[in-house]
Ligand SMILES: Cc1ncc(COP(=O)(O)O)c(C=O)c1O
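Just the one chain here, laid out as structure tokens, in the form predicted alone.
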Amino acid sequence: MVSAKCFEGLVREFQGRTHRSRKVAERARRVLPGGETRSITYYSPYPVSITSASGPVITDCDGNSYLDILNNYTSLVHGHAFGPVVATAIAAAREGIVYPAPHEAQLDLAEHLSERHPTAEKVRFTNSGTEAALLAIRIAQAVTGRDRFVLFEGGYHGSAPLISGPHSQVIRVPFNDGAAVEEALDDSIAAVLFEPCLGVGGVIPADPGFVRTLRSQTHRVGALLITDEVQTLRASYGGATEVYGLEADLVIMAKLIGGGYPIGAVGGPAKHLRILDQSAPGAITHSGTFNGHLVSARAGLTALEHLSRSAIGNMNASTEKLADRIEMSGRAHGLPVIVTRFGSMMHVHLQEMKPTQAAHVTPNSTDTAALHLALLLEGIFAAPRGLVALSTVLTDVHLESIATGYDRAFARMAAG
């Protein structure tokens, strides 16, 4: 779709306005593998280096500003340097930053999560979504006495070996395929790990009928159903679990529940989480130096308290309108553009067919890279692969600028 000449022109223009970022990237390569500490943030020829951020705007070291529609991959639901969170974090740091014992900030956040999420009768904190997923797996093994798991193609639950690639204990099946789930499930399966909407896989929502099949089939074989709400908690006050009316056995949470600080959590009924109760016989041990970190707990509670039902509703409505604008703009420029959406997350696909499984998503290509560079040149910061996650601080003026930025980016691609 995009010619080599067009792509080379975008690269040259990008390089022409990011001289300092290039120097930072060269410096980074001397001490960081590939110049990165997060694989997902890399893109060619090099990523811009951010020096400051406030609200919906981020600024790179060359002085270029961008409207941020990625928000650290869904975690900053109120944008950058959100005033109430900043004030809370500063106050918490002055109290001591981290303690070697329980504190009420943990309880405040846990009580809020328990009130908010249908599955989280009790909560156990970790430091990331990856850690939370691994803890949920350990709980499922202890509860069921089994050690095999079903995951979905295109799903992402973290970077640990068991959950990030081929593994002898894992069966991967196509998303939204109830027959494949039924075939994979037997009495050796401890749990199914399930994202209600594939994030990395292309923001593909689960079909309601598929969700019902998951619940009935896991019940059939006595396996736990673990919902990964690390990204989808923003979709509704009670997350995607509330959206689907799902009765899950465990829930994995992270990202926005820390207000921008590192955190993870597993929620579930007391009958499952009592396996972590050190006062009870047969408990499994689970520790972590920073579990329930004071600053993360306080900042996370503040962020969640400002994420009301009305705030979520407004964000979701804005995302729906923006998705429609982007699709219409792409078609107007003669480009194949499909936008998949779930709540305030969406993914801009450069393809004709709407995907319902990860296998339906066109792999990252020169076209995808061209759109990303064109958006940067228009002052829009999205994920290199096409992911967009809006924040509550975007105004109508910002949203119009974003829609216009996509239109101009498509025009660049069509002209090339």
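So that there is no doubt, residue numbering starts at 1 and follows the sequence shown. Since we're looking at a predicted model, the values are computed, not measured.
The form predicted in complex with this ligand exists for this protein as well; it is not shown, and the discussion that follows is about that form.
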{"property": "Non-hydrogen atom contact T218 with this ligand in the predicted complex at 4.5 angstroms", "result": "no"}
{"property": "Exercise: F210 in contact with this ligand in the predicted complex, heavy atom 4.5 Å", "result": "no"}
{"property": "Contact flag, E195 vs this ligand in the predicted complex, heavy atom cut 4.5 Å", "result": "yes"}
{"property": "T130, heavy atom within 4.5 angstroms of this ligand in the predicted complex", "result": "yes"}
{"property": "Among 226 to 234, 91 to 99, 179 to 187, 277 to 285, the region lying within 4.5 Å of this ligand in the predicted complex by heavy atom distance", "result": "226 to 234"}
{"property": "Candidate from G292, G238, G158, G79 lying within 4.5 Å of this ligand in the predicted complex - any heavy atom", "result": "G158"}
{"property": "Sequence-ordered list of residues in 248 to 287 near this ligand in the predicted complex, where near means a heavy atom within 4.5 Å", "result": "A254, K255"}
